[in-house]
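The chain below stands alone and is given as C-alpha cells, in the form predicted on its own.
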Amino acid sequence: MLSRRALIASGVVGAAALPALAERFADLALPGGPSARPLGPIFPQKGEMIVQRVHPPLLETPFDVFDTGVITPNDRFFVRWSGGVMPTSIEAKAHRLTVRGAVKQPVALTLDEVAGAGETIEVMAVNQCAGNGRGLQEPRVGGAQWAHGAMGNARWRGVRLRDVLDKARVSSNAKRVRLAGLDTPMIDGAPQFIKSLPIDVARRDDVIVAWGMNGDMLPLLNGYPLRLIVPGWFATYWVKMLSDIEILDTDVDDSYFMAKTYRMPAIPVAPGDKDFPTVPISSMPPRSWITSHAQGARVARGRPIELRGIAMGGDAGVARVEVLAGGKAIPATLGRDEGTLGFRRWTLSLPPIARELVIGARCTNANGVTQPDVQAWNPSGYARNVVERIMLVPA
C-alpha cells in the first residue's frame, strides 16, 4: 500500500513537453458530429487517451478500457481541468493546505501534517464529470463533447476531510466548506475554480483528502499532491491540487462555480426555455453500460451472446442490473461488490439471435432509483443517465 512516507518523499513532480498531435483518431459517434478526436499527444504519466483539448488538458478514457475491469488504471484515467491554468510541477515539501474562515485556529498544513491528521483510509469510488455523455445529447448543447469516457473508478487513499478540518477547530456555526486548488484563471478577472460542500457532507466518513490512487501517487494531471474525494457526487467537487479550505458560516455560496454554473434546472425544461430556477448539481444518479460489445457488433448466429458490462449506483450501491432486449428485462448477474460507490461488473448470457437486436443495460440502485428510458433534457447536458443502447447484428 502507498505509504505516508512516500507522499512526503515524492519531491518535485513535473510534466515534460508534449509531442505533436497523434495521427490516429477515435470516432466517438456523436450525433450531428464532428466525432473524430485524436488519440494523442501522450501526456506525462498517461497512456493513449482521447484528446478533447490540449490546454488546459481534457482527456477522455477510451471506452474499451472499461471492459478490462472495474478499476480504471491511473494512466488511462480521464482528465478534466475547468478552464484554468494548472501548475506543471509541484514541490511536495513546499506545498501547504490552509484551513481558515470560521475556525478558532487557522492553519497551514504541510503534507506530513495532512497525512498525520487522522487515520489513513482507502475508499473505492467513481469519479465522473457532470458532463459525461454530453456529446450524445440531442439537440446538441455547448461544453466538452464527451462520449462515455469522462469517468473512472479508483481506490483512493488519504485521510478524512473532517480530521483535517479539526486541526483548525472549526466553529460550531459552520455551514459550508469551500475548497480551492492551485489552478488559476487563464485571463485576468476571470473567476477562480472554487467549490463548496455542506458541512454535513464534508464530515462524512468517506469524504477524504487523498494523495494515493490505485496504490500509487496521484498523477499530476489528476490532482497531485492532494485532491478531495467525495464518493457519490460529481467530479466538480473533487477539487484537484487542493491548497485552500475556507469554512463558511452561511448556507449561501455566491462564488461563480457554485452560483452561476454547474447548475441544473429545478423543474422540467425543454430546448428554448429560459428564466427557470436552478440548483447546483450534487449527487450522481445510477448508470450502466455494455462493455463487451460496441454499436453494430456482429455476433455468431446460433450461439449464445456473452455480455459484460459495468454499473454504478451513483450515490448508493448497485441493487440490480437488467438487460432490455426484445421487450423483456432480463436480470444480469452482478459481480463482486468491491466498493459500494464504485463500478460493479455484471454478466449475462443472451440467447442466440436471428435478426438485428437492440439491447440496453439498466441499473437500479439501493435507493430504488432506476435509469430512465428517455433522457430529461437540460441546457448544459449534465447528469446523463438514460439507458444506453446498442444494436447487435447476426453474422
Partner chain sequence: MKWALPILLLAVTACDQSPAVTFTDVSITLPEDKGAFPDRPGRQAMIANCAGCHSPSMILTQPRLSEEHWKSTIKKMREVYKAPINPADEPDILAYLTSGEAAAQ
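Every value quoted in this text rests on a predicted model; they were computed, and no experiment measured them. Residue numbers count along the first chain shown, from 1.
Absent from the display: the form predicted together with the partner chain. The rest refers to it.
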- Query: Are any of the heavy atoms in Gln52 no more than 4.5 Å from a heavy atom of the partner chain in the predicted bound form?
  - Reply: yes
- Query: Is Trp211 close to the partner chain in the predicted bound form, meaning a heavy atom pair under 4.5 Å apart or at it?
  - Reply: yes
- Does the partner chain come within 4.5 Å of any heavy atom of Asp275 in the predicted bound form? no
- Message: in the predicted bound form, is there a heavy atom of the partner chain that lies within 4.5 Å of any heavy atom of Arg37, even though the partner is absent here?
- Response: yes
- Of these, 347 to 355, 325 to 333, 360 to 368, 55 to 63, which stretch puts a heavy atom within 4.5 angstroms of the partner chain in the predicted bound form? 55 to 63
- Task: Please pick, from Leu182, Val269, Ala144, Ala174, the one residue with any non-hydrogen atom lying within 4.5 angstroms of the partner chain in the predicted bound form.
- Result: Ala144
- Message: Counting any non-hydrogen atom inside 4.5 Å, which residue from Thr120, Ser255, Ser282, Thr98 sits next to the partner chain in the predicted bound form?
- Response: Thr120
- Task: Could you run down 180 to 211 and flag each residue that has a heavy atom within 4.5 Å of the partner chain in the predicted bound form?
- Result: Met186, Ile187, Asp188, Gly189, Ala190, Pro191, Asp205, Asp206, Trp211
